[in-house]
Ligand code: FPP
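As structure tokens, one chain now follows by itself in the form predicted alone.
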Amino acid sequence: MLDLAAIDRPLADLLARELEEVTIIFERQLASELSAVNGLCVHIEKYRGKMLRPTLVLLSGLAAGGDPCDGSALTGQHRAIAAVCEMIHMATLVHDDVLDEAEVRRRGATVNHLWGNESAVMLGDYLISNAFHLCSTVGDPAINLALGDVTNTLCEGELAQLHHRMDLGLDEPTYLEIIKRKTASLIGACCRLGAKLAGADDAVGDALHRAGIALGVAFQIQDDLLDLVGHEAEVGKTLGRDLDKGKLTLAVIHCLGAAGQDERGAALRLIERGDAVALREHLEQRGSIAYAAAAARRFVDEACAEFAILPPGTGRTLMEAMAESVISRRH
């Protein structure tokens, strides 16, 4: 993801300090009197990665306030909500690994691989429960309602994706609707809430929400591409699970939709065999990988267009740079 220090060292240092505070809140909230629970929570610290969602909460607050981006726009509420959003996200990762039977996450073994599906499901529930317990301490029922709506939407997206497994007739609009719900909805909320907590008006909050949705769609398209063309050592998680689980992603949907009868039959045979290497070559030759990459590019452009509502300055520049990093990432 984005190297903030390469753009603005003081702001990068500020965000690093803020994220350290978010991490402390996160760990304090999850702390249990039971060592077994603490052991699981310590394990999933490895899942945190670049902390995109907490960063967007904080950076949206900074950007909405304009220059100087000195941290004065950020409050304890920002840090708490950043931790809440990361807990919700982590819960989805733990549950996704169960659904996908994944063994690797962030270059380490998944909870379900080490301790079984039962522990993983309950840990995901524990994360969600603690997220809303922490959210209630912020003292704004509107935020509870907003994030409750997001978690409902996330679940709808996952259920819709499960419904369409092995649906070889899945079309692009349905795919996009699924990923808007299961991935982009939380990212959109991070951007809106960060601005709201900094005192931004509804017009700015709405624009950043739209930007976050577009950014989340681009992120998921790129993630799906990495599942097809990435390398596990670089990406850091089990790859090829989309194909194994019958989840059609944009490149495959484009290939099947644009192909003639013979080409479609050849692609379907590769999917049925689970031949990821041959399918990747097939998709590359027919321009479907490039098509998906171009779609991710369009959604990033949509996000950057929405950022125009922000005051010119360092914060907006970093929001734009972060959007660009979504499609340049390799993990």
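The shown structure was predicted, so the numbers you read here are calculated from the model rather than taken from an experiment. Residue indices: 1-based, along the sequence shown.
From this point on, the text means the form predicted together with farnesyl diphosphate, which you will not see here.
**Student:** Heavy atoms within 4.5 Å of farnesyl diphosphate in the model of the complex: does residue 154 have any?
**Tutor:** Answer yes; at least one heavy atom of residue 154 falls within 4.5 Å of farnesyl diphosphate in the model of the complex.
**Student:** Is residue 177 close enough to touch farnesyl diphosphate in the model of the complex, meaning at least one heavy atom pair within 4.5 Å?
**Tutor:** Judged by the heavy-atom cut-off of 4.5 Å, residue 177 is well away from farnesyl diphosphate in the model of the complex.
**Student:** Spell out, yes or no, whether the shortest heavy atom distance between residue 99 and farnesyl diphosphate in the model of the complex is within 4.5 Å.
**Tutor:** The answer is yes: residue 99 has a heavy atom within 4.5 Å of farnesyl diphosphate.
**Student:** Does any part of residue 220 reach within 4.5 Å of farnesyl diphosphate in the model of the complex? Heavy atoms only, please.
**Tutor:** Answer yes; at least one heavy atom of residue 220 falls within 4.5 Å of farnesyl diphosphate in the model of the complex.
**Student:** Only one of 128, 168, 109, 138 has a non-hydrogen atom within 4.5 angstroms of farnesyl diphosphate in the model of the complex; which is it?
**Tutor:** Exactly one residue meets the criterion: 128.
**Student:** By the heavy atom within 4.5 Å rule, which residue out of 79, 196, 182, 209 makes contact with farnesyl diphosphate in the model of the complex?
**Tutor:** Result of the distance check: 182.
**Student:** Of these, 250 to 258, 111 to 119, 90 to 98, 200 to 208, which stretch puts a heavy atom within 4.5 angstroms of farnesyl diphosphate in the model of the complex?
**Tutor:** Heavy atoms within 4.5 Å of farnesyl diphosphate in the model of the complex occur in 90 to 98.
**Student:** Suppose contact means a heavy atom within 4.5 Å; in the model of the complex, does that hold for all of 105, 224 and 242 with farnesyl diphosphate?
**Tutor:** All of them do, each having a heavy atom within 4.5 Å of the partner.
**Student:** Just to make sure I understand: among 16 to 43, which residues lie within 4.5 Å of farnesyl diphosphate in the model of the complex, judging by heavy atoms?
**Tutor:** Nothing in the stretch sits within 4.5 Å of the partner.
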